[in-house]
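In structure tokens, one chain follows: the form predicted on its own.
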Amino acid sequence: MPDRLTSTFAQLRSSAPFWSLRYVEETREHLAVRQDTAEPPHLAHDRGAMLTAVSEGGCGYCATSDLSRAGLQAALDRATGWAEATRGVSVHRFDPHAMPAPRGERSAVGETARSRSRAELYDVLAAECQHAKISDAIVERYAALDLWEVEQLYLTNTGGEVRQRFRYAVPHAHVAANRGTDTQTRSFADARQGGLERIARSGFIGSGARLADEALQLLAAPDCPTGTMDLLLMPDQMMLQIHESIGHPLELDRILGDERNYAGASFVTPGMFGTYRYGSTLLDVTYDPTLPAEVASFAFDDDGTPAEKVWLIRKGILERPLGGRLSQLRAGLPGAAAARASGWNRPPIDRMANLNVEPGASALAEMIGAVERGVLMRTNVSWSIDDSRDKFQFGCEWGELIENGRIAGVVKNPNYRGRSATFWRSLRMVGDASTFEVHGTLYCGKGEPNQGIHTGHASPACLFGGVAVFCGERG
């Protein structure tokens, strides 16, 4: 299909000085076993293209699933009409001569989804469910695998051509234990890029029994204490902390007001960049779509901007926002290759990709030893944050009480709250490379119409001081 589209695109015509085509083809498959019963597989195949036209001052786009020459030309005609109609009324005056013409290619990595039989994959899932059946108190056992392949093509009438392919195999599982009115859950997920070889490397094998044991430990554990104390966040919870209180506040279209009606605004303002102390001097945050292992890695964003690692926060000082090429032009600020779309029928908007906290110098034992009284927390279970991405409250599945520099036992229903504007300044210690882990989420929502997209977040363990910790009861 990409080769045929390249030929067809050369035959299209528009009165606009610049036009482009962005083609996306996705195949998704979902396999799952609940209790000891295989659920029906889900298979989806989706493909289409978005045509964009840029005139002197205006821009328009139109998406279509009709990939014939006539269908593509009709979409380009409509995009051109919108470009002409918006010439004098756009927030930003578009310059068709400044549009890039990128060229490059990115190949998918890892074992293809068809290299193993579905019976074999279902057996792997069933084994984890079976191994989780270690007590009558275990009331829910679930294991699943999401397989996902994507092919993208970006063409411009000025000679640009970018081809990218992506492959994902994402295992996940959860186990619930119940006693009376108390239900405790432990879950596992490994959202990274790669093929079926990811299953063995992810830690999924053996997760059923481990999750069941931890769920039972939580049932027997005391409640998390309440008070102001130290908080040691492990990387799988740091993932959400980074996502909600750094990633979303730094999205430049949100800062410019574009998302107020739906996803909210930001406490960050354009004047903060270069001077604002976002965190302690230990906080270094990068945006790096070039890392091959993370789930949101790519060579070019969906506007054709080459991916590169950039620093958003260095030694606690805010340096640049998460803004794609258009938002950068509007705001007069540097940004990143951050224009991303969830599919062929959505326009690229400013989104996170791989947003990471860089490793520090502290070993985990050293961090625990520095805590007089505090709680270690893993694995998010609930979250809430205000429309400005400032005040937040997060709950975790797993907690461990730390007293006088030692782990004192498991605690359940651990929660904490704070404000983005001050929480990161309380960062006391940052874990070294031995504590560093890669995580990700597949479902970050934003935009009108909504776009659910995947984001990667890598981080070491991090220790914060003077945090409001409390017990959030869950039944």
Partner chain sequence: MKDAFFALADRLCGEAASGETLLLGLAAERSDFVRFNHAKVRQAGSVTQRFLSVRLVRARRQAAATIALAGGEENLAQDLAAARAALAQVRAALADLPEDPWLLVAEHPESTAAERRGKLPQAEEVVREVVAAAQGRDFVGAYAAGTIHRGFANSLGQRNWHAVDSFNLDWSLYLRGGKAVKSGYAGFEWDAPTLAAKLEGAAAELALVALPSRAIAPGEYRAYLAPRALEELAALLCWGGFSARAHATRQSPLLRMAHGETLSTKITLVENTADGVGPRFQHDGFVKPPAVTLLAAGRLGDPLVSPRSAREYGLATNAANAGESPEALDMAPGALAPGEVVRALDTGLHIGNLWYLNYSDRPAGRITGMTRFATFWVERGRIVAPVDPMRFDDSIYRMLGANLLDLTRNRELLLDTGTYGERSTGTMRLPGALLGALRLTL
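Residue numbers count along the first chain shown, from 1. No experiment lies behind these values; they were computed from the predicted model shown.
Although it is not shown, the form predicted together with the partner chain is what the next lines describe.
Colleague: Would Lys446 count as a contact of the partner chain in the predicted complex, using a 4.5 angstroms cut-off between non-hydrogen atoms?
Modeller: Output for Lys446 is yes: heavy atoms within 4.5 Å of the partner chain.
Colleague: Do Ala421 and the partner chain come within 4.5 Å of each other in the predicted complex, heavy atoms counted?
Modeller: Ala421: no contact with the partner chain in the predicted complex.
Colleague: Taking any heavy atom pair closer than or equal to 4.5 Å as contact, tell me whether Lys309 reaches the partner chain in the predicted complex.
Modeller: No.
Colleague: Residue-level contact is defined here as any heavy atom of the residue lying within 4.5 Å of the partner chain in the predicted complex; does Arg425 satisfy this criterion?
Modeller: Contact check for Arg425: no, nothing within 4.5 Å of the partner chain in the predicted complex.
Colleague: Answer yes or no: in the predicted complex, does the partner chain come within 4.5 Å of a heavy atom in every one of Phe9, Arg22 and Phe273?
Modeller: Contact check failed for every one of Phe9, Arg22 and Phe273.
Colleague: Counting non-hydrogen atoms within 4.5 angstroms of the partner chain in the predicted complex, say which of Asp213, Glu161, Glu111, Glu244 makes the cut.
Modeller: None of the other options qualify; the answer is Glu244.
Colleague: Which of these residues, Met367, Ile349, Met234, Leu218, gets a heavy atom within 4.5 Å of the partner chain in the predicted complex?
Modeller: Exactly one residue meets the criterion: Ile349.
Colleague: Based on heavy atom distances of 4.5 Å or less, which listed stretch (398-406, 359-367, 147-155, 175-183) is in contact with the partner chain in the predicted complex?
Modeller: Every other range fails; the passing one is 175-183.
Colleague: Just to make sure I understand: among 33-69, which residues lie within 4.5 Å of the partner chain in the predicted complex, judging by heavy atoms?
Modeller: Arg34, Gln35, Thr37, Ala38, Glu39, Pro40, Pro41, His42, Leu43, Ala44, His45, Asp46, Arg47, Cys59, Gly60, Tyr61, Cys62, Ala63, Thr64, Ser65, Asp66, Ser68, in sequence order.
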